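Single chain ahead, by itself, as structure tokens, in the form predicted on its own.
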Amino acid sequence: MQQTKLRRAMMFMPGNNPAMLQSAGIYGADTVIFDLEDAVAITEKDAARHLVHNAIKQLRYPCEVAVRINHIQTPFGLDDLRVVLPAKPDLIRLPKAETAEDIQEIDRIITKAEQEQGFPAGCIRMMAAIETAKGLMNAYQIATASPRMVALAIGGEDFIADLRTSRSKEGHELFVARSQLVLAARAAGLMVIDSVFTDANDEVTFIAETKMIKQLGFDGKSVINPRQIRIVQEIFTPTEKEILHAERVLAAYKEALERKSGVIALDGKMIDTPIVTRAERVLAYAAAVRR
């Protein structure tokens, strides 16, 4: 069985903060994202990308390491790639992706860097954040623009600004975009990651939003505060009750196959292929958490 990759909590860390880069691995996030974009002032861009390069090169993180570059149409994006790619990050996150051509251009740059550095082909993956209406309309093309693509994400704050509305606690203004992004990602076979929740002190709304996006089909959430990591991971991790039920479903399915019975039931409820598939997914996810 193919191993399940966990990206439940992807935590942003400002790329210009040496102390935070050094401690990024201690919080238990599934992925740390060293940010060269919004968290870094224009005057600190150059210093930040070299700090991130050195951190990735010299430190050993117990999790996936991603870098959010500036968009390649800005004066900073190409320099970000030039400096950080030789350090071999696991993942490049492109903000404000709007076209497949954005992804294909970065793919070519990464391919060249892998060849120059002697890295295995395809070892540096990509994900794209959808933050505009145009990007959302092109989401499937973006998702399928390169075999390096592993996930789509939504950047909620920029997306809402592009819609010319404001953010509510209920998140009604993002419901359509979130749903469409899940469809595009699943059609492309990718993971899908939700936006950050910026009020680190409003735990009640944060929990409600995380449960909601899990139900929509998201695989995880971007976070900005270490306190949010455990909450997200607990919500996305199968409970003991869910694991036990999945084991019983698969046991009933196996028994029916051995009896060559076409009718499978558990506790009076029929079991069909989608239920078996969900049970297998629960157990694979639980196994990934235990690793």
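Since the structure is predicted, the reported quantities are computational estimates derived from the model, not experimental observations. Position 1 is the first residue in the sequence shown; the rest follow in order.
Not on display, but discussed next: the form predicted in complex with a small molecule.
Between the small molecule and the residues P89, G171, G77, G155, the one pair within 4.5 Å by heavy atoms in the predicted complex involves G155. Across the options 147 to 155, 100 to 108, 204 to 212, 178 to 186, residues that bring heavy atoms within 4.5 Å of the small molecule in the predicted complex belong to 147 to 155.
Contact check for T31: every heavy atom lies farther than 4.5 Å from the small molecule in the predicted complex. Among residues of the shown chain, L136 is not one whose heavy atoms approach the small molecule to within 4.5 Å in the predicted complex. The closest heavy atom approach of R49 to the small molecule in the predicted complex falls outside 4.5 Å. The small molecule in the predicted complex comes within 4.5 Å of no heavy atom belonging to V83.
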